[in-house]
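There is one chain below, alone, in structure tokens, taken in the form predicted on its own.
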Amino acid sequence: MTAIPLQPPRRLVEFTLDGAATRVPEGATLLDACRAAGKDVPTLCEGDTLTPKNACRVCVVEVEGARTLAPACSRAAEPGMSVHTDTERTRHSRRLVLELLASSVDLSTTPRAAAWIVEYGAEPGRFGADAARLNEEPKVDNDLYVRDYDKCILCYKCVDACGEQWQNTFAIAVAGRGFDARIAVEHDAPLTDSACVYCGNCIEVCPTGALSFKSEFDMRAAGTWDESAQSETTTVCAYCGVGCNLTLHVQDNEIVKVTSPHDNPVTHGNLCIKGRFGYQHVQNRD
């Protein structure tokens, strides 16, 4: 069981959410309030271990009196505000954002994207074939993880995880500007020539599969990747004395990838290269 550290008590903020009186702890976002109320507000770039970036704009909600829609992932709940999560205006905005993303990015490995496209009536082909942006082959330059920028929505979560918010390696950055902006390593060099330490924390936060385990990439290519057939077991990494939690994803009695619980008060889902990728010895049965 993960230990939850005690924190000072916070005041409750009272406001109206879709007409219902709602109370959330001070500092909670509108997205926190929606989730607590059981409302399914879609989001792609929100990460529970990172500062909101407001990049995807899928989670917008309507705040009475506000001129523009507000991103629920970063807008803090305020006393007395009245928020609507499922108006025609919010649905139209989400539909347009999903159409723009689906026109220019491969969302095939983005969890729930296909369901949201159906729910909001988005037409991925609305902007035509010319909307496609990269058409690059996945970058496979190491044995641990793969970069497929055709799936990248430029949410910058990998940049934040690699940089000042967690790893402080700064191997990943944004290159180019405007329509030419893209995620890259220093001087757009191969990953093996960069400062990357292969912790894989960028994979942990990537919401679309643009960064994926090499094992997952190979199994998807072979048609053997089946998340419904996988089981998850959380254990403790034995490589050192820190005691990081590992979640082993097992399919057909083989570990196919390793993640870490985000609610761990020490690691917050982050691991080192040994914890995330050094599991092959476990299944060496020779």
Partner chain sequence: MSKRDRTPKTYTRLTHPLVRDSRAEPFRRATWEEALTRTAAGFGRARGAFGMFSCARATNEMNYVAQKFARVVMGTNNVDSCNRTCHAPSVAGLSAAFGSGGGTSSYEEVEHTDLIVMWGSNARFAHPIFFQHVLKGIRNGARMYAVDPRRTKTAEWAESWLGLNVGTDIPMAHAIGREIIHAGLANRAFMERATTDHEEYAALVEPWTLSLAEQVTGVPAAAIQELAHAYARAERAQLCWTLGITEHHNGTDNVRALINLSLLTGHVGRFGSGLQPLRGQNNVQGGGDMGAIPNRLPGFQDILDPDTRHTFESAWDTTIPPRYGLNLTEMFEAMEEGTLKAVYCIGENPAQSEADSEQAARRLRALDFLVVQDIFLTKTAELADVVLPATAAWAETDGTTTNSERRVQRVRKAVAPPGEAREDIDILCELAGLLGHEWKYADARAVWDELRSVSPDHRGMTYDRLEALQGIQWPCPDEDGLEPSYLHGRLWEADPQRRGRRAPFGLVAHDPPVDATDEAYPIRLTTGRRLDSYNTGVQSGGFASPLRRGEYVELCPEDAERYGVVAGEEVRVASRRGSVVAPVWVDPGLRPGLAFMTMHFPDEVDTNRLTIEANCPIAGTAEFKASAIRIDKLTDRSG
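Positions refer to the first chain, counted from 1. Only a predicted model underlies this, so the values are computations on that prediction, with no experimental measurement involved.
Omitted here: the form predicted together with the partner chain. The next part is about that form.
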Tell me the stretch among 221 to 229, 37 to 45, 23 to 31, 253 to 261 that has any heavy atom within 4.5 angstroms of the partner chain in the predicted complex.
253 to 261
With a 4.5 Å heavy atom cut-off, would you call residue 120 a contact of the partner chain in the predicted complex?
no
May I ask you to check whether residue 266 falls inside a 4.5 Å heavy atom distance of the partner chain in the predicted complex?
yes
Is there a non-hydrogen atom of residue 104 within 4.5 angstroms of a non-hydrogen atom of the partner chain in the predicted complex?
no
If we define contact as a non-hydrogen atom of the residue within 4.5 angstroms of the partner, is residue 241 a contact of the partner chain in the predicted complex?
yes
Candidate spot 92, 116 and 213, all three touching the partner chain in the predicted complex (heavy atom, 4.5 Å):
no
Contacts from 185 to 200 to the partner chain in the predicted complex (any heavy atom within 4.5 Å), listed N to C, are 192, 196, 197, 198
